[in-house]
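Only one chain comes next, encoded as structure tokens, the form predicted alone.
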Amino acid sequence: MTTHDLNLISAFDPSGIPADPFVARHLIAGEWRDSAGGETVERVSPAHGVVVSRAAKGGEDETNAAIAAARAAFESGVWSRISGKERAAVMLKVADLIEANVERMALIETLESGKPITQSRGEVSGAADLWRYAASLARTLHGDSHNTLGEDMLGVVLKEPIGVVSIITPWNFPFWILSQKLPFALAAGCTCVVKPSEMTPSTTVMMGELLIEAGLPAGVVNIVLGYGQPVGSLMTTHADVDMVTFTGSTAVGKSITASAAATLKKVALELGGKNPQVIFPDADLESAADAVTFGIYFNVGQCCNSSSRIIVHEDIADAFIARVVELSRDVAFGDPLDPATQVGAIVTPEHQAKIDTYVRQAVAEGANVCLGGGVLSVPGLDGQFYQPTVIAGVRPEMAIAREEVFGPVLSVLTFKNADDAIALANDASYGLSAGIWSDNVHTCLDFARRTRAGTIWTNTWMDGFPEMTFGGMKQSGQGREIGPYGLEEFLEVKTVAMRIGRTRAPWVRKR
């Protein structure tokens, strides 16, 4: 396949790139700080090959200081013991400020991550809705009472903030995933230490600016920049941290669980996925093909919810694959700064090489490349891009059918009947999301009940709402985010048994 076969968008107006890199510093106890030793990390744009941000590189000193600030703020009650109304008021101000800063934050996110500017705008502006929904939960949070324990007893169940929360976020959706965690932790009354990915630190720092402007008390949210070692490691082992919430790879999630075990702190994980879409012959095949195309190329396939494998009924497989290939040729790949671009750059050269290795291995094992299968050159850009790739003839035991490629690579398997399709959908160590396309509601409901995944989409893909909880089964994670269950993750339950009057009979009797 040549580049003439694709919808390529060349370099856009370079004036969109700021002349100077964004400078990111730690936020600790309400103050912006450089690292003690002055170390910094530079981020080179994966699409444009220029330095776009320079962030302080944190170590143990900054991490310990941030945790201490969060603990002091929690114990003071400045946030943990105020009313839900007061918390909600601050959070609603944050939502308004997010909407006022969409363009500024979307630009730096596009430059750091390589995602298209339209998707960055959608990510940032959509996050404001998460903050507003979490604010509503702050005002409606309540426990339970038990008035049936006898005339002399009253039982009360309290829901209290768990304490200090470490929030560790990834590079692929740095602002959205932060907003799936942070506002819900704040709604519960927790204080937080946040570590963004070293590759995409800037929008998290900008969030810190908005929190200060909204009036959040000092120390309630602290930001430490840097790498997993030592920053992330210390955030998961420190005795003053009560909970860790992490989004990223399954391998790192397992290591966090192991390291947190020493202090028995709570761990919530949103990890990888190998998400299937199952296509039945009675489906609206045009809509299904469009959704499959969207599902694999959105965010360059660098998405935990990417529909990276499709399971198509054998009677329609050839025609359906041909349609997906045809649509793939029309997807606009190229400069992320151009609003017309739908697919941008791969995050690092190393990750691009990993994607290509999966493709080459599949070919060596007998799979057929129907489209793409290699590095893509975009005129005028010095970055890393990968061709839209569709691979058929995939067998369930192949690595490309079982492991998370995290790129614009679609694997195609086939099935004979519904039982076969469900077995293939469940034949993975992951269980994040799954989809089914059929006009038969009974087929859809049967699939939804029998498939082991935290989210099931029927005749759609990747629709999400703040009210609808998100999380995975099996090795896709533990715990839930957003929705009312997302708030529950940050709460401890306490029972209060109260005796009414002096009715308790003495245990020790006089002789």
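We number the residues from 1 along the sequence you see. Owing to the predicted nature of the structure, the values given are computational and were not obtained by experimental measurement.
One more form of this protein exists, namely the form predicted together with a small molecule; it is left out here, but the text below deals with it.
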Inset, instruction - May I ask you to check whether A367 falls inside a 4.5 Å heavy atom distance of the small molecule in the predicted bound form? - result: no
Inset, instruction - Considering only heavy atoms, tell me if K195 and the small molecule come within 4.5 Å of each other in the predicted bound form. - result: yes
Inset, instruction - Classify G295 as contacting or not contacting the small molecule in the predicted bound form by the rule of any non-hydrogen atom within 4.5 angstroms, answering yes or no. - result: no
Legend entry - 4.5 Å heavy atom contact, S438 and the small molecule in the predicted bound form: no
Inset, instruction - Look at the stretches 382-390, 117-125, 264-272, 368-376 and give the one with heavy atoms within 4.5 Å of the small molecule in the predicted bound form. - result: 264-272
Legend entry - All of A283, I422 and W457 within 4.5 Å of the small molecule in the predicted bound form, heavy atom check: no
Legend entry - Sole residue of V205, L413, V220, I256 within 4.5 Å of the small molecule in the predicted bound form, by heavy atom: I256
Legend entry - Contact residue in the predicted bound form, chosen from S179, S307, T247, T341 - any heavy atom within 4.5 Å of the small molecule: T247
